[in-house]
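In the structure tokens that follow, a single protein chain appears in two forms: structure 1, then structure 2.
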Structure 1
């Protein structure tokens, strides 16, 4: 309802402004973000404090967003791609370099997320939210400590494991389990991961391959173990205190959703102001508390205090992140992955 109202209001505002002809084009910022990925009161606050009007638009997948950004140069000033898409957009020369003189709040960014290998020196991207992939398990059904991906292959948990129906993540954790990089293009490693996944499926451990359904089913005690994203894990743990989340010692994936400015942006300075605003600790705190993904903002983390810092799902200790990797774009290699994944899904 709030959303509908907000949309209606912004429509009314657009109509009013355009009919008066008094909307100066220079004072807008066109923001293209994921659906449900911000505390919307933050947008109003930004407009009030700076007088810059926010045109707020949404997308639901990285791939949709990339198509739109390529097709409409100049339509967006700030976009929110995941890290492997930042890499892809950079390769296509679609991103502008950010002038950090205008983004002083960048200083609050967590050190381990700075200077990432997808964007050395953060020339083009500022982290917005981040998270991990790990194992969500039910402490009533799992007695042993969960610290290795091997537990997903343990036949003790017959028909009791939910895997992710997502090529990159599932192949990625299997590669990690076997001691390879998640970004390897080495055919022997990839074939080995495929065989391992087929072995797992044939052994009868896997109950289902799913994405969005997993979190609610874990809340209802439908399975002992599941591969999930940390955001989903936090959601499930809030609803069922028997659940716990762990990042295996072999390492996993760390993902980062970033804020970037397209090279074709018409309002680059406003875009930098907007990014700086979202990096302000009180604003970053609002957004983090609205969507409950991990915040990259040390200022916000300090404001949230004990409740956040003691939460190992949201705020994993440095040692469990030690072996983690970012994904790199494999768009030119995806047919190879797809062929392997098809064989896993086809195994009976």
Structure 2
């Protein structure tokens, strides 16, 4: 009988401990963000002002992040997906609606980023940063106007072009160059983009497909041209004045990285406090000046003044954005994209 009682008591303790482990922690917020995508002093400031501890974790791609969110319900309170992933996470019922009574600083969001088609009425997402995809080029190596994606296929720049190792971005800019939407599902258009990229690779123009290392290699004058995100372009330009950035006339991707709350978040109110804190103009300014992506925050833009507003990499004119598009989710079509991308990467 004593052994039975001991076993029963042990089981009760296991259940109690498990329950305690899964209970919300009132002084914690679990944040999952991109690498190098925040001023780390902001995290310390939030903790000091609120008493809420930030468990801060990083991911490197949207796709990696989505795998982790699906596989680990309850592990994250705030995540930072791009707009097409917001759309997909909503479709899978993986996002909570945000209580904007707890996020009053949302009022500082740029009007053109409100009520986006990927999340009508911003029910599930708050813009964090935005930007474009374009061409970073070395003005000492390129002596012609950089106004079209066509220059990336010019054999004059043999072994001198860095392409993004990204299905959506690289297929997307090629589709725009050929006159199609970046979100097309038309097999003829996608096959044409694949063939164009294989042509580019076989010609010897492409030096490498890469992501994070491109900006530093461009600073070191290791290539003439590179497909990059605008924030990486600004980082490189600050370190090498011979570099410049252009959004080609055919159009490109304009993207928004958002702050969202998973539907399984254990600390939703803390998540909303954290999001609101990042929307505060002085905090949004700190983050913008640290990572140099475009700010969606009118208060931060006012604080930064002409240094920001006159910078066409971070604050492109309306005409540069006229032919740009948001990406939309292609999750139900991704296998087709991946097959085409595999052909491009394996081409000799």
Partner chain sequence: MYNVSLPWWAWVMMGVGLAVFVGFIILSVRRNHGVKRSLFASPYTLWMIIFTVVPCILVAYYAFTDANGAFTLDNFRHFWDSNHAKNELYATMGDEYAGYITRGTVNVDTLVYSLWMAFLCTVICLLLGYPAALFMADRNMKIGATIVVLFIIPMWMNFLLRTIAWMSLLEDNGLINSFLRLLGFEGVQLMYNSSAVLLGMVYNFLPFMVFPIYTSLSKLDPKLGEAAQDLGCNEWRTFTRVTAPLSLPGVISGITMVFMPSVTTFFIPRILGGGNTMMFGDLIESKFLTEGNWNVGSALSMIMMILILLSLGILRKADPEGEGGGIA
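Worth saying up front: this structure is predicted, and the values here are computed from it rather than measured. Numbering follows the first chain given and starts at 1.
Participant: Which number belongs to the form predicted alone, 1 or 2?
Facilitator: It is structure 2; that copy is the form predicted alone.
Participant: Based on which rigid part the C-alphas fit better between the two structures, which of 85, 176, 255, 65 occupies a hinge?
Facilitator: For the motion between the two structures, the hinge residue: 255.
Participant: Superposing the larger rigid part on its C-alpha atoms, how much does the smaller part rotate between the two structures? Whole degrees, please.
Facilitator: Comparing the two forms, the smaller part rotates by 17 degrees relative to the larger.
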